[in-house]
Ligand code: SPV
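Here we start with a single chain on its own, the form predicted on its own, put down as structure tokens.
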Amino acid sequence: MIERIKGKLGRENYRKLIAIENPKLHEFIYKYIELCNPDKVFVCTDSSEDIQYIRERAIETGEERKLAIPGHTVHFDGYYDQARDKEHTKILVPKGVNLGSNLNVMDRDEGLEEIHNILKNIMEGHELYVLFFCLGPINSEFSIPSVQLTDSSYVAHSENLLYRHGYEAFKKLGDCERFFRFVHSAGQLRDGISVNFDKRRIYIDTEENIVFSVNTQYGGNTIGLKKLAMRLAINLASKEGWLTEHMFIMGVHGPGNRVTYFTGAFPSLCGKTSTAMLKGETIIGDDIAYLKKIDGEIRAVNVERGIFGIIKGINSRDDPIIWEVLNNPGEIIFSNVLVDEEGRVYWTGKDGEIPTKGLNYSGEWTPGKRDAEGNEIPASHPNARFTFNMDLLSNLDPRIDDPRGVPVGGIIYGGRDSHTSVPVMESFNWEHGVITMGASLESETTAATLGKSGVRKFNPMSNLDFLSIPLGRYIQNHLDFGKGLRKVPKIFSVNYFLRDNDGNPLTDILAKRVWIKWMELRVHEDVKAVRTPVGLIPRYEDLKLLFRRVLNRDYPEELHTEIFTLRIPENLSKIERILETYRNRVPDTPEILIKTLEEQEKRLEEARKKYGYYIPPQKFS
């Protein structure tokens, strides 16, 4: 077998591979070269020449096309391959293992047999790219080396932008087996696009730390080190005593040049990216964080080094930093947007008019074009994306590559909530925050995404879709993680979507700049807070000063009263929903979760008897 493998590699690529002295790595690579049977193999080191080769191959294979602005390219996924395939994304579990009803699982033996049958000879006629990365900073206790096998030059190019290169890290690793493995094939292609999407499979084997992905090109299914690697990392973190979270990391700049670092978990369309990119603050990461306890405090790193972001709605007014990047030269991959005849891109919500014709994910496009089912095809797909390395950002925090991570001063949970939660609130303590803000996180759906608005979706820690361990254990891990710390981060909730009885927003998009500044002051106890039955809220006088200082605007006391009124019926209804979920659907729920929610329910009932159903904040001052 080795001789056949050497023939596909050639002398130079074989030399690159054997320079890494790791028998388990070689065994893995050889096994899948033999199974997938590519015509040839390219081993990508950290060198600029190898990385440039991948860029060029993406154009040569037709998976990407050059655009008008230097460095910009566009990729189109297949029309029916535009999002994460939740139905066919499964965790492979050995017989006798029960991960609970929340997870999509499959018998491990059956899954491996199926995926290996699909992979057999799937890369005939293709070139296989072998790439090495490091999840987390290089030379860090957070680091997880990772190897990606893919026959997609687009996937390889994307990962070169999104992750820290790890060939040299693998050379230093020796024969250690603690690394993640990823196998991807786009399968049969037509015009550079996967065609067998009906045989799309994404299987995650946590026993061997391997992710398999076939017959798909969409980044959420194929960029293995992103959300697919989260399942591997959550499982590993549970065993080793740390956390893998669906969180941004940002630096909030306070008085006296002080920088306080926050992590934040938000479901889709709830303000996660806009919070991480707030004007005047700095960003370390927008999506995935590893958290560890070091010297008595929680520290965090960004797993990634780039952004694979939704482009819909980005404009010069609301997103000035990203807008500047997307409209200037630099290495950027756009996906599933509209491209005009001059090679300029357009997306939903972009400044200016959309062209009357162009090329998009459906082929040649004009307004009113419909698909085979009669659905009108928009110019740019709602899930259209951009991919770039964070070095292009003007607000990049200088500690992004700190091998010790950054100290976490606060943790934020946010959801879309029209009538229950106040705009910003602090928990009483770690357990109260984990349970009532993290484990109880809900978010309302929108008509644009699911066809029916106002439905509350249960999404603890905004991580339910990516769990690979039982939910109850995941929550217990969070509770345990706060123990033994000399410096415990404060936990906050935010809600940017509160509305009045007529459905009008009560706060605007800029108000979050004030909420984040208040949270930064609270971390250092620079301002006091008002205690309510559900948490600590800001005092009016503090917010009045912050609105003037941050936004140069007045903050009427009537508005403060309206948005920070405690809504007893709505809060009680939420507790009822959450308790029902944990009592009936999560058999391993920690007892303290039920107890904490019941205690909050009791406090709300007592407040109702004393003050009524809707209680203005002045009653608690």
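Since the model is a prediction, treat every value here as computed from it, not as a measurement. In case it trips you up, residue 1 is the first one in the sequence shown, and so on.
Omitted from view is the form predicted together with sulfopyruvate (SPV), to which the following refers.
- Message: Please pick out the stretch from 169-177, 429-437, 221-229, 366-374 that is in contact with sulfopyruvate (SPV) in the predicted complex, where contact means heavy atoms within 4.5 Å.
- Response: Of the stretches listed, the one contacting the partner is 221-229.
- Query: Hey, in the predicted complex, is residue 540 touching sulfopyruvate (SPV), heavy atoms inside 4.5 Å?
  - Reply: Flag for residue 540 set to no.
- Please run the contact check for residue 200 against sulfopyruvate (SPV) in the predicted complex: heavy atoms, 4.5 angstroms, yes or no? Answer no; every heavy atom of residue 200 is more than 4.5 Å from sulfopyruvate (SPV) in the predicted complex.
- Going by a heavy atom distance of 4.5 Å, is residue 308 a contact of sulfopyruvate (SPV) in the predicted complex? Residue-level check for residue 308: yes, a contact with sulfopyruvate (SPV).
- Message: With a cut-off of 4.5 Å between heavy atoms, is residue 385 one of the residues that contacts sulfopyruvate (SPV) in the predicted complex?
- Response: Close contact exists here: in the predicted complex, residue 385 approaches sulfopyruvate (SPV) to within 4.5 Å, heavy atoms only.
- Task: Go through 120, 544, 84, 531 and name the one with a heavy atom inside 4.5 Å of sulfopyruvate (SPV) in the predicted complex.
- Result: The option sitting close enough to the partner is 84.
- Item | Contact residue in the predicted complex, chosen from 246, 478, 399, 517 - any heavy atom within 4.5 Å of sulfopyruvate (SPV) | The residue in contact is 246.
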